[in-house]
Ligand SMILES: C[S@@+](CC[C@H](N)C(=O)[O-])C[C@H]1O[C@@H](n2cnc3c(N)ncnc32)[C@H](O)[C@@H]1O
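A single chain comes next, written as structure tokens; it is the form predicted on its own.
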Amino acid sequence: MDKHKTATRATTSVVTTPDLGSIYINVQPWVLTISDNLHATFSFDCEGRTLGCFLDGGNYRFGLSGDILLKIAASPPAPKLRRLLSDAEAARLRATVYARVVRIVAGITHALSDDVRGWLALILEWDEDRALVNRRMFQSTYLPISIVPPDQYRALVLQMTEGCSWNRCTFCSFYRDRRFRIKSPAVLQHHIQQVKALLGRGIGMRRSIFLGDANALIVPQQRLRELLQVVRDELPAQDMYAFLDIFGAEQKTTDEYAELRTYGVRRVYIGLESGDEAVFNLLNKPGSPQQCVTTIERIKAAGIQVGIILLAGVGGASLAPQHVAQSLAALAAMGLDAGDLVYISPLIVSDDSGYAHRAHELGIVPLSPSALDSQMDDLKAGARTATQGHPRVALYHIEEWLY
């Protein structure tokens, strides 16, 4: 593969040998996938970096960070397994994938085009030493990227801000390790250039930009204009997406949101979590459910789409009926349409979290696993019927995030 090329046309090749059986090579513009007799698959970006594999019943996602997430489907009622591999497990898996690919390439390279052989040669450059260099490069480019919405899992993440301006929600510990910081235009430009160097041509598969961290759009409008212009100058083609908390979202006018749209901001994600005041107050979130409703109306009036996040399981058994009823009532009042999203995310908190302590003080009994599943089903079904504009409704498992 020519190092100056940006993408390759889509092709599929099948090579059969006595030793290897049938090897399928699927080339998409930015991703190459190798299938070993349709039993194992390995995918790579156009820098040769491993993106994922399916091997021995496990589905593995390889993060740009060097971490690897394992997902294994289970038969109901058992939950799907989701966990990060340990460093030792990750090193063993990388070695296994590398050895498998070396063997496959040696057996089939004679039957492939120059472009595909070039891509495979790039893949073979990614031994353990190269993976370690990439991990160190990632760590010098980013702070930990705690979470993004599921539809942005393949976005290019830019940490325009660091941390969370509120950082006191009882159920969230994502940003406890850092102070809130707004980058200057010069620092943001340097960060973007680092990101470009890290990804190389692999940046081509990332078709949108997610502005981190927790509520990047809370930046005062004049500074925000300057920062968004830096993004546009460095990456002119991609649409932008970002989280924003309710209180921060309320501070901007419809005209200011319309201005953000001219810079390429296409969707804002807001964690309503619950439409019920009592449940909402357990979370120590800024704002209120009613403020969220009025703010969503303002954002949508500016032509920007929204993503609304609801927590399943919050408030436990005693508050479950009102949590579901009031959350669906809030969604119904927002005027959501087909361009919007509603995410249902199961509550996951540690035993030493502020939420766990508060729930214990109030005698709130957590939902059983079956009751939690039932509430997620109720919220999903209710979100579809309560919103006449037919937004997309989906589950949001935070354990599945990896960058």
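Each residue number is its position in the shown sequence, starting from 1. This one's a predicted model, so the numbers in the text were calculated from it and none came from an experiment.
Form predicted together with the named molecule: not shown, discussed below.
- Query: Going by heavy atoms within 4.5 Å, which of 199-207, 76-84, 264-272, 222-230 lines up against the named molecule in the predicted bound form?
  - Reply: Going by heavy atoms within 4.5 Å, the stretch is 264-272.
- Any of the heavy atoms of Q375 lying within 4.5 Å of the named molecule in the predicted bound form? It does not: once the named molecule is placed as it appears in the predicted bound form, Q375 has no heavy atom within 4.5 Å of it.
- Message: I'd like to know if E162 sits close to the named molecule in the predicted bound form, meaning any non-hydrogen atom pair within 4.5 angstroms.
- Response: So E162 does not count as contacting the named molecule.
- Item | 4.5 Å heavy atom contact, F243 to the named molecule in the predicted bound form | Answer yes; at least one heavy atom of F243 falls within 4.5 Å of the named molecule in the predicted bound form.
- Looking at the partner-bound form in the predicted bound form, is K285 within 4.5 Å of the named molecule by any heavy atom? Flag for K285 set to yes.
- Query: Which one, A214, I296, L156, V279, lies within 4.5 Å of the named molecule in the predicted bound form by heavy atoms?
  - Reply: Selected option: A214.
- Of L260, V97, V306, C172, the one that lies within 4.5 Å of the named molecule in the predicted bound form (heavy atoms): Of the candidates L260, V97, V306, C172, C172 is the one lying within 4.5 Å of the named molecule in the predicted bound form.
- Could you list the residues in 318-347 that come within 4.5 Å of the named molecule in the predicted bound form, counting only heavy atoms and keeping sequence order? Read in sequence order, the residues that approach the named molecule (within 4.5 Å, in the predicted bound form) are S345, P346, L347.
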